[in-house]
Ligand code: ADP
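The data below hold one chain only, encoded as structure tokens and taken in the form predicted alone.
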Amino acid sequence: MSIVESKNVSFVYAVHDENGNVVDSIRALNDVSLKVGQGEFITILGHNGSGKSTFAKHINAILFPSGGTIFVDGMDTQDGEHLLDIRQTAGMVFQNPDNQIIGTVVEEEVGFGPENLGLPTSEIWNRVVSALKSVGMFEYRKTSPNKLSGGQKQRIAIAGIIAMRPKCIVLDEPTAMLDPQGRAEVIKTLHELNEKEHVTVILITHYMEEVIDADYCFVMNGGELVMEGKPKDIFSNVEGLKNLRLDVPQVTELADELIKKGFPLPKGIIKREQLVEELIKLKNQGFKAPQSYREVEA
């Protein structure tokens, strides 16, 4: 069974004037249908305003569909009786870690969620220790979050969700405010959680490098699902992604340009190692660059 399944989900924002009267509406989602299997690492890709963050908030029942239905572990998000169960099943991590952290000590911050579940003290601290170790932050358990870097704060925010033992973690552009090192730390942590703890990860992002190692990718534009597939299939469509105002990994763009120059490379190269391997293979096969390419190089 899918851990998340949306069926023809639509969502309309009401626009209010200064007196609170509804004066207009904006359709942010339009007939979105997708499935996410338990234990998968999924990315949802799109430029600003594509609807990806709005959709993410539906998974955690922060927003409810104007039309259609979304199920989390078989539970309808619009069923009020299951609201707490849904939010425990699908934990949410937002863009700015400073907006999520309220504790003055790391271990207290991570224990906040389990404590609100009414768990025994011994179980709370067992979960805190386990969660901090899983994100590589156990040694900072006595530290004030204010003394941590952006990447470390985001890992603490993730630990706070993990301590509640969700089956799924939804992350809405969690690296958008981080430097490259912080982004790398967070993405590495998410992949380790997915591989070792079998937690389903749904990552909302516009960074192409974060999509490369995902199991599957959905691309949104204008509130609609416009592409889906494995990363190598998505990135095979370089022009299509550019038309959607999305970049592609540099190595993919380089490979695409070489193909245009006459190099018989496979489409969908997404890692530097793949490109190097394919070029060495061509050289060993006696392939010579097309004359036009050699002239450009000269």
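Bear in mind the structure is a predicted one, so any value in this text is a computation, not a measurement. Just count from 1 along the sequence shown to find any residue number.
Another form, the form predicted together with ligand ADP, is not on view; read the next lines as being about it.
Undergrad: Which of K230, H47, K35, K242 has a heavy atom within 4.5 Å of ligand ADP in the model of the complex?
TA: Contact check passes for H47.
Undergrad: Ligand ADP isn't shown here, but in the model of the complex which of N30, S236, T54, N60 has a heavy atom within 4.5 Å of it?
TA: In short, T54.
Undergrad: Looking at heavy atoms inside 4.5 Å, which stretch does ligand ADP contact in the model of the complex, given the options 22-30, 65-73, 249-257, 35-43?
TA: The contacting stretch is 22-30.
Undergrad: Is Y13 close enough to ligand ADP in the model of the complex to count, meaning some heavy atom within 4.5 Å?
TA: Although ligand ADP is absent here, Y13 would touch it in the model of the complex, with heavy atoms inside 4.5 Å.
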